[in-house]
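We begin with a single chain expressed as structure tokens, specifically the form predicted on its own.
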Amino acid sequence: MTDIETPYRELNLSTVADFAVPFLAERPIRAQEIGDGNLNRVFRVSSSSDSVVVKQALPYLKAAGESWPLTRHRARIECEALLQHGKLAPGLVASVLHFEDPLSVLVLEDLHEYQNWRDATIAGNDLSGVAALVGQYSAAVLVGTVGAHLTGPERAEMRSRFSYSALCLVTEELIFTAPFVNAESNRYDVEITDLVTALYKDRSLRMAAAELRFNFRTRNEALLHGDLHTGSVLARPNDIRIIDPEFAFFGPVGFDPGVLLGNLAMSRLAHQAADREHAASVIDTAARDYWQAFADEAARRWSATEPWFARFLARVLADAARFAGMEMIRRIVGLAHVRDIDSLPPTARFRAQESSLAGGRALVLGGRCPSFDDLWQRATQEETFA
């Protein structure tokens, strides 16, 4: 980190190379923009012998443009979350090399030998051990920051650093609010307009979304990643690094598992719609491996002084199911979609979109999920939105 007061400016391909000089063994010879996310600019700067990733928070939502202002100080949250999560789950989280607060810039290790897990799931690649490691990471950071594992002062200090931020308000809007009203930020294929109209008219679904939004705001149970989807994982067989925790805050334990499982379900539905049975079965296994590893690691880390682990896990599963449903709905009708489905040919895409809306609704309104198999059945086997 630095104490030098440097005026904020947006880095570009011309200026980021000079910025990265202190973090490379030799002079940089190449800079390229590599990020395709909704929030930030991400560059890889290389010398002849090494490379680093430079990530800058913009003062607006990249996916929406300057018309949607957004605090760039989320970069500090991301830095602190990476450091905190790295302590709780060593070897599973990307390493921070430097943080430049005035520029809202993180310099990170370059993990170019890893594959984005979303790219792997879209391709139907089976990266052995990856889903289980993500499950272990989730349990380490969530169980590691629940009340039973922190002293009162530790919890108060951590909650102060990871308070309800401007990005939490973005989550409220994009996941729990906009998809259920005719919001300007919503976007969807015109061919599914009838489904979207039915969604807007579904009063029970809108009420459930409002309840889940309230839970998201008020249940400050553990330190979340806050946006844990398959694109937040860099992977290779039996090795992962978690990235992009700028949405980190203290919230309901079931949120991170729910978002992750919702994204895996959408990947499964995309393969199903395209008649790729083997790839769909790979996702089935990944989802089950994630939850089993989460449950096993959570049990291992659970405090012996809290004799109610089975009830805790059942509640996390029930909450995760409903949050997964929210994620599956908003990724079809809201601002930010998933390439798993959007990259399909039209007929398959529309089929996957309807299945995702149907699965999301079944998860949100179908009552408490008693088992993982029940959650996965609802998420992936509902064919019509009704």
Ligand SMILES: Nc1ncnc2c1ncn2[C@@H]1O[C@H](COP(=O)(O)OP(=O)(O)O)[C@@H](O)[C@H]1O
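Because the structure is a prediction, the values reported are computed rather than measured. All residue numbers are counted from 1 along the displayed sequence.
Form predicted together with this ligand: not shown, discussed below.
Peer 1: Can you work out which of Leu108, Ala295, Ala89, Ala279 has a heavy atom no more than 4.5 Å from this ligand in the model of the complex?
Peer 2: None of the other options qualify; the answer is Leu108.
Peer 1: In the model of the complex, which of the listed residues (Ala75, Leu264, Leu133, Ile243) lies with a heavy atom within 4.5 Å of this ligand?
Peer 2: If I apply the 4.5 Å criterion carefully, the residue I get is Ile243.
Peer 1: Should Gly231 be counted as a contact of this ligand in the model of the complex, where contact means heavy atoms within 4.5 Å?
Peer 2: Flag for Gly231 set to yes.
Peer 1: Would you classify Asn40 as touching this ligand in the model of the complex, given a 4.5 Å non-hydrogen atom cut-off?
Peer 2: Answer yes; at least one heavy atom of Asn40 falls within 4.5 Å of this ligand in the model of the complex.
Peer 1: For His337, is any heavy atom within 4.5 Å of this ligand in the model of the complex, or not?
Peer 2: Result no; His337 lies far from this ligand in the model of the complex.
Peer 1: Quick one: is Arg361 in contact with this ligand in the model of the complex, heavy atoms, 4.5 Å cut-off?
Peer 2: No, Arg361 stays farther than 4.5 Å from this ligand in the model of the complex.
Peer 1: Among 24-32, 318-326, 52-60, 341-349, which stretch has residues whose heavy atoms lie within 4.5 Å of this ligand in the model of the complex?
Peer 2: Of the stretches listed, the one contacting the partner is 52-60.
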